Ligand SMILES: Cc1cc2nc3c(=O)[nH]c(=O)nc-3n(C[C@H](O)[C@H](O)[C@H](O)COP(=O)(O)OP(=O)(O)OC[C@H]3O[C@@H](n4cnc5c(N)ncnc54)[C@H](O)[C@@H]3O)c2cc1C
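For reference, the chain that follows is the form predicted on its own, supplied as structure tokens.
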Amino acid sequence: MIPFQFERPASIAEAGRQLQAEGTMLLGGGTTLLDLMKLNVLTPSRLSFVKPLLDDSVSVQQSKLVIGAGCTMSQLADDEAVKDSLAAVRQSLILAASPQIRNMATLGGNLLQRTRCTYFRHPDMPLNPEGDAELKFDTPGVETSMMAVLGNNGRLVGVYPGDFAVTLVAFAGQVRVTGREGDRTIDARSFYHLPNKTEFQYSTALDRGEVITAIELPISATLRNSIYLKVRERSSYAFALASASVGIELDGDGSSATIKTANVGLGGLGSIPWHSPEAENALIGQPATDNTFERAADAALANANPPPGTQYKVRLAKRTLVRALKILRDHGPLNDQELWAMQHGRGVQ
């Protein structure tokens, strides 16, 4: 880790002014940033410690869940407004990372975590064996396990690793920010930008000097009947191979019900947290049958472009989405006990 200057700004406005200087980065919980500094992936000359300045409250205001950017992952997961009635929110938090990280990581920082791709996190690793400026899609021998299969524009780019942001885009959340031009609110679905031709991972709609101050999530009927289903290599502290944040509102019971509204997000697959309007359109107004769910999964992955070695993720993602929808139709949202049982191979099928 290279030397850096540590600042404690007196206000968010001062932090924003500091952030406009070249080489300055904001420090919240530090669970991603300090990792990347130790690897010399990120080399800021100055850290502006904003966590003590950020609101960490959670409240319900006009049918919206309003989360201060300084709220930690564990704090939000255990909030009474979330714990018993907003399953996809709680599950996308408690299935992420370790308890120690969840106790430190702020939600504002969590939205901005960087890709876990090996080629990003180890700057001493050549971008490709031939030394070109970017990884080629068909270069043999490239490690592709953390490469995006959605939103890659035919290039090898890193997958977005987070879980909570998948729920945020699935259920039409918003991100409040403040900066030199004042306050503004950004739709979560437009907050993340696909990597351009010179980028290895996503960029965001944040302007220079802007600070995330809060996150909003509409409390809808679909969010109340929701699930975050995550498939990973082990049952704890692993990133998603595929995940689905799903909510459906049903008119009727079982497979004879009609789907009134639906929200679908996918994780572990895209260069950004992936919202799927294609899957939602295939669900809304249709009977809640297995065939409908399978058509929605096909629609969600219709534009997948998996790099070599990741083709299995397309099939895995479809099955994950279909399973999530079946659980909601046949059982409803899972409680903690049922969730833990399922994560260990037991319980809800």
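Bear in mind the structure is a predicted one, so any value in this text is a computation, not a measurement. We number the residues from 1 along the sequence you see.
Omitted here: the form predicted together with the named molecule. The next part is about that form.
- Of the listed positions (Leu33, Val322, Val66, Val314), a single one reaches within 4.5 angstroms of the named molecule by any non-hydrogen atom in the predicted complex, namely Leu33.
- Interface residue among Lys83, Arg116, Arg224, Lys260, judged by heavy atoms within 4.5 Å of the named molecule in the predicted complex: Arg116.
- Look at 252 to 260, 231 to 239, 149 to 157, 270 to 278: in the predicted complex, residues with non-hydrogen atoms within 4.5 angstroms of the named molecule sit in 231 to 239.
- Although the partner is absent here, Leu26 lies within 4.5 Å of the named molecule in the predicted complex, judged by heavy atoms.
- In the predicted complex, Met73 approaches the named molecule with a heavy atom inside 4.5 Å.
- Within this chain, Met37 is remote from the site of the named molecule in the predicted complex, having no heavy atom within 4.5 Å.
- The closest heavy atom approach of Ala205 to the named molecule in the predicted complex falls outside 4.5 Å.
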